[in-house]
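Coming up are structure 1 and structure 2: the same protein chain in two forms, each one given alone as structure tokens.
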Structure 1
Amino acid sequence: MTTLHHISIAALALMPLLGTAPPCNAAPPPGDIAPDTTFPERMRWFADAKSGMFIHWGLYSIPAGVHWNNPADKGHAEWYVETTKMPMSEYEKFADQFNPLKFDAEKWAQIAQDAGMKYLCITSMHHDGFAMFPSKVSDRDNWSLSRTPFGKAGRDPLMELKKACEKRGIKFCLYHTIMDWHSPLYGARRPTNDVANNSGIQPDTNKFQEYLEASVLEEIERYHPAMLWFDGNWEGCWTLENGKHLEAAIRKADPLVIINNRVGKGNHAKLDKNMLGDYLTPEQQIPAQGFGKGVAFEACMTMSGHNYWGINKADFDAKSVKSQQTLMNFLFDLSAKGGNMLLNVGPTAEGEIPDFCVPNLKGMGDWLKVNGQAIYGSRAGIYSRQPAWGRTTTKRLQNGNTRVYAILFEAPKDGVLNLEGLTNTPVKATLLDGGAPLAAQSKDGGVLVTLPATLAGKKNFVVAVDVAGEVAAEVALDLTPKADKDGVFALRPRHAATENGMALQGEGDAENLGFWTSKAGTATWTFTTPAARSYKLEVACGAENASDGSVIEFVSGNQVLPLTIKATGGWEKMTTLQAGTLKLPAGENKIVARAKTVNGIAPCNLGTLRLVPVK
């Protein structure tokens, strides 16, 4: 058992001692759905919610990415004060300007609700240490909303937002930084923090802990957040002991607050012995697989096409924002793996969620109105690696059977949904958007469902298939690439096993491996060749301008083929490059893609690799 789960149970056991009967957080499951008891009580709503809105909003929203000393450099966002090396005394002046008169909490909460989101998490304090509420603790350093024109006019946007959310049944949650570029007490003070340097106060990790806990407890008292999302835990001045102390303080104040794992240390996207809190938090990546029953996770993803969290002027371009289909694919993929999606928007300094985000969010919400039962309250699907045709999720039924939701990206050409490897007997199959029951039968070691011809060309629809009993933990799905009649292997992105952040995105011909933002990221293909022979390796890849000249490598045994990337004008705009020739022995082979020289934020996105036999 992981620390993660362990802590949750320990805190649960404390609840009766505190004498406060926890409010029943989890809505009873509808109709024939059985309740899931694998999660601790406070996690129930979270495990069922599946989709939340993340909001990064703060003083950094004022410059919106444009460098103070070099207006041509527009590549900044919520890390502004750090990445532009702006003296803190200058950055502080943004506080005297912050006056988001267009802020309308009802509008924001409505956008979240219309997107089908069940929780909302906003930055109460990002790494700049600025409290986005009238904080008594931060007022000691004159570093809270109280200092701004908006605060002076008596506005409290977090309270307004909390009320607007709760009116709509949306859980209100807060993001709170650990790393603090402003506090004079913070252990890893920046040289650019002239305000602290001139204060005569020395960094002091004990006093910082007191300050941080006071700040968090003030938030709990004022806003009663359903969840606290910590971040910035990686610097050396934050230890596991610090994390344990903070976590205990929160549990004591309110045992029902969910806490993300970044309160501790270690890798936040893997089960890690130094991790604390309730759930894992992969960032800008969807893990290849979930983490098993009773382990919750949530991938936070930006809506920004440039992967910014805070608003950046380059985002004001409806073309670059992630499409409705991409957002839905994130949600399908995460639900299939048993995780949540926390999807970020960066509102403007005037207080508006940019217009270009809204239709894509709303489109996803409209889909969920019809098909939401495949997502909300669902648990991981039947496959641990994902099929090409779509994703699955499951729910246990009260009668002991299992409902498998098959989310199809597109109607299959042969009109048959093949739940390969599923050996349970089908009981019933229906389309979530209506129509007569469908014929389902067990055949060739799987379940086949015959779809009506009228579905031809239809996208993103769900077939609910009830099968007898419980589905086995491992349902076999053969993803090994096979050669075509000319002996050509198409190694598709979905065939790859990915490590260290690279993740599958896009669908059909547009599918690709992205998020190659760590040099440690790799993708590995395994396949079997009929005889020893040489193959030309053709690589489809796409790259933004800044990545031009990056070098990636394809490794097979002791052969290494380097490939220099040419910019294509977009991550998902693929061209085919020739990587050279590989001599492969008969039998099982592996090809590993790795990064050698990275220009820009990633070398490229990878599309399909083709191995063409040399005549």
Structure 2
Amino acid sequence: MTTLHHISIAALALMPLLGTAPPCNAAPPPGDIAPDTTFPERMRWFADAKSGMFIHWGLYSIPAGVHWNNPADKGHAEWYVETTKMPMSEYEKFADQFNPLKFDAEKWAQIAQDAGMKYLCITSMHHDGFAMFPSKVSDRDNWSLSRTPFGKAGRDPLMELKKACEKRGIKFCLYHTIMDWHSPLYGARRPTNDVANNSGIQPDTNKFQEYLEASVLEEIERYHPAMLWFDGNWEGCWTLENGKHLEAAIRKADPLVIINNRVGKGNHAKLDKNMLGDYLTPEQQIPAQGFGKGVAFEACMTMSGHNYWGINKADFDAKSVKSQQTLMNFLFDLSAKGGNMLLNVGPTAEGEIPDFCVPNLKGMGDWLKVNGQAIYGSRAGIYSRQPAWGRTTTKRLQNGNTRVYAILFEAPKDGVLNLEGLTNTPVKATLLDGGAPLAAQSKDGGVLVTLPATLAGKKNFVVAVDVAGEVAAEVALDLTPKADKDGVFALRPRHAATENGMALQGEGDAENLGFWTSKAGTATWTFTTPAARSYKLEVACGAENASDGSVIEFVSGNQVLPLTIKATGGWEKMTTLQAGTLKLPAGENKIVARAKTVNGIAPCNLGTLRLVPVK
């Protein structure tokens, strides 16, 4: 059984900046798949790219999330035919309407380039099984672009987009579904697929495998994508053996095509023996600590404020989009952990990327034009748990030294950047924007860099610090909360281990946990109490008006304290709420913050939690 290759972004971190790739040190696979010797070569561009654009576009863009039988229900998107239970015979009529005359591949590719994206991945076939290109394979079921007015006019948006991307040096990649709600051969046929039910064709795993592989190989031959992004592998009719057969067929057709791990089975966001392919794909979440050396990963995230992948009319009408700062923090956090960001947009049925998305994308690109060397070609930063002041990335230099890029969310109040725990001797330090030299010294078990007073109030700037030799894989910070003289524990945001997208931001009193855009997001504090005791839990939090009434919970053992959030007028405008009382035993304790009910795009931002002893 082949498993995820254990050489990737983190392993490539040891390459000199202009050196050659190290030899592949992955364990050889079994005899059913030929030994993979091309992994370092095909993964090199991916390791350096860091930022890509994801595009979900298809027939579902026509209804744009509005229920076919209930116009008041606007809560749907790319899973439209599944979530609305629309009969497939009715859904097929969208193909006869699809005519995106405003589609301009040059404009799309330019938006991606202006955003600093180095690759672009578009849905060639989503779960509705519709081929977004003139497919000879899908034409057997009359279920491809050839059926549409756009296709009949001779248009191929994927080929047009490929050419526009290649003109700009952007790698062109394709998303392809495994789950197929349309094909009569697919094993987990839906009751609403009346087209298949009336066809007289029975589901057939072997024939579906042949159809799927023919479709994928057709795309490879037609478009020569740099990467194939699979999805929909979780249903029982798709097995590990199916995945191995598909992977082998792809490797034979093009050994240099990157394949994501969803070609196999198991948990796509964790190391799993049942995963195949080249890299992990956490979705709508950023791992708290990355996956360590030898594991490449890419987090796919939505721009939509309500986390839709395809276009949604209600979302569109409200111009709901994540802020430029949120997008940049995704990129900072992922780069610091050795991963890539694949950021999604959902174009309209007319063929346009929503105009209100473009300024935030361009703003991120403008930042990268100045500070891109801290992101592109970088490897994981020096910290396993991230500091509150920002993020770090690294590059090995040809002279054997290491360049540490410190991305500061804002200038520290004392004018000093403290790279705690970094014991390597500093060689030089510069401000990336303009190259001004900065004073750096080793002191108190870290490296201190003195910043100019002109940086006061500046946000998202980068300091490059060259240090002697190789930096240890993980520089530890002391992030254990301790009680003060009155027995009060201040559980700071920096002390928390976060999962599924929550991110640390701010400095000093403004420090908080933000970007709680996924209900799966959690923050966990671990601390030791000297004796069994009851504590009142006080919670500092900030929330915009739309988040009013959200409910979060604090869990410790079998105790759950719900807290209803009140709008404060801004994410970082903090107020203190009383969550209740916890009875904690002596010894190690954990408190987990989780979301129960989310209004708006996030329940709140969390500041410091205080555990005050009950007298």
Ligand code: H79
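Only the largest set of C-alpha atoms that superpose within 1.5 Å between the two forms is called the rigid core. Computed from a predicted structure; not experimentally measured. Residue numbering: structure 1 sequence, from 1.
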Of these two copies of the chain, point out the form predicted together with the named molecule.
-> 1
Taking the rigid core as reference, does Phe554 move its C-alpha 2 Å or further between the two structures?
-> yes
By the 2 angstroms cut-off, has the C-alpha of Phe527 moved between the two structures once the rigid core is superposed?
-> yes
C-alpha of Thr568 moved at least 2 Å between the two structures on rigid core = yes
Angstrom shift of the Cα atom of Glu588 between the two structures (superposition on rigid core) = 3.9
Mind pulling the C-alpha shift for Ala602 between the two structures, with the rigid core superposed, in Å?
-> 8.9
